[in-house]
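Okay, here we've got a single chain as structure tokens, the form predicted alone, with questions on binding and movement later.
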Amino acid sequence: MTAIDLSGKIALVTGVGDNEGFAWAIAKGLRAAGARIVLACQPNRMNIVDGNLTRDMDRDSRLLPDGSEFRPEKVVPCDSAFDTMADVPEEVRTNRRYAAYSEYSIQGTVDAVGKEFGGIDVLVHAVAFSREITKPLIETSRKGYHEAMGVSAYSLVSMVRAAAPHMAGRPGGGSVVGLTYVAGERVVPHYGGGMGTCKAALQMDAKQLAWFVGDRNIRVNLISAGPFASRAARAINPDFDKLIAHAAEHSPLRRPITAEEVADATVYLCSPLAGAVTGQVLYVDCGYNIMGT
């Protein structure tokens, strides 16, 4: 077996909101491979993530394969709706959950991390949001649709633009990995609020970005993960467990995925083993995407 060693690599993992989702598992997987981790999360989720990193009751979720505990180098606020602080409206600036932070834009956050750590080797985009996700597409408002697209898809463009100067010329090259879902290619009725369209845009954007930063030896890939019962997913549909069971029953491997399997795929994409892989969507869904039902 070829061991993956990411020792000394700086990985910025965005979209961390708790200790259950893909972003948390990916951060742990990268850390287990030796990378130094910086977590970026919504300003209004900072206290939650801090609790996940310090509370005794959450200790099991921090354990790495060698028995040590996951400890990121730093946790920073980042709201993927804003490219710079000039984009932040007054009602957000004065919100009590935001007012404590002077910087939480994409550009400012990425620049601060790049400067403090001398560069960035890995960027993980685990960001998706629609305040109307429980509404079917046909009932989604224009405002909600545009907001979902900006946060869930355009933010990848913004992050790669900000990170590219800090990732260019890194030993072994830089790696960007984002998360998508089969709803970007097929109709998934419960995945509302425009999110299916957002994932389709994300997939096309990733391919274009792979070209635009490829000359700086930066690779851009996506993982299309199967359904997984994160807190966010359960908020979309209270019957999400039924959706997981359906996917498991109809997948070639006849089982659901785990967050750790998504993390393992991310580690691979960030490693020298994937040195010639870019602009791709890697399906980590037990084969569900190949089926007709």
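None of these values were measured; they are calculated from a predicted model. So that there is no doubt, residue numbering starts at 1 and follows the sequence shown.
From this point on, the text means the form predicted in complex with a small molecule, which you will not see here.
For the options Val177, Ile218, Cys78, Val160, the residue carrying a heavy atom within 4.5 angstroms of the small molecule in the predicted complex is Cys78.
Contact annotation: Ala225 falls within 4.5 Å of the small molecule in the predicted complex, judged by heavy atom distances. Contact check for Ala11: every heavy atom lies farther than 4.5 Å from the small molecule in the predicted complex. Residue contact with the small molecule in the predicted complex: Ser230 places a heavy atom within 4.5 Å of it. The small molecule is not shown here, and in the predicted complex it never comes within 4.5 Å of any heavy atom of Ala206. Only one of 108-116, 191-199, 68-76, 88-96 places residue heavy atoms within 4.5 angstroms of the small molecule in the predicted complex, namely 191-199.
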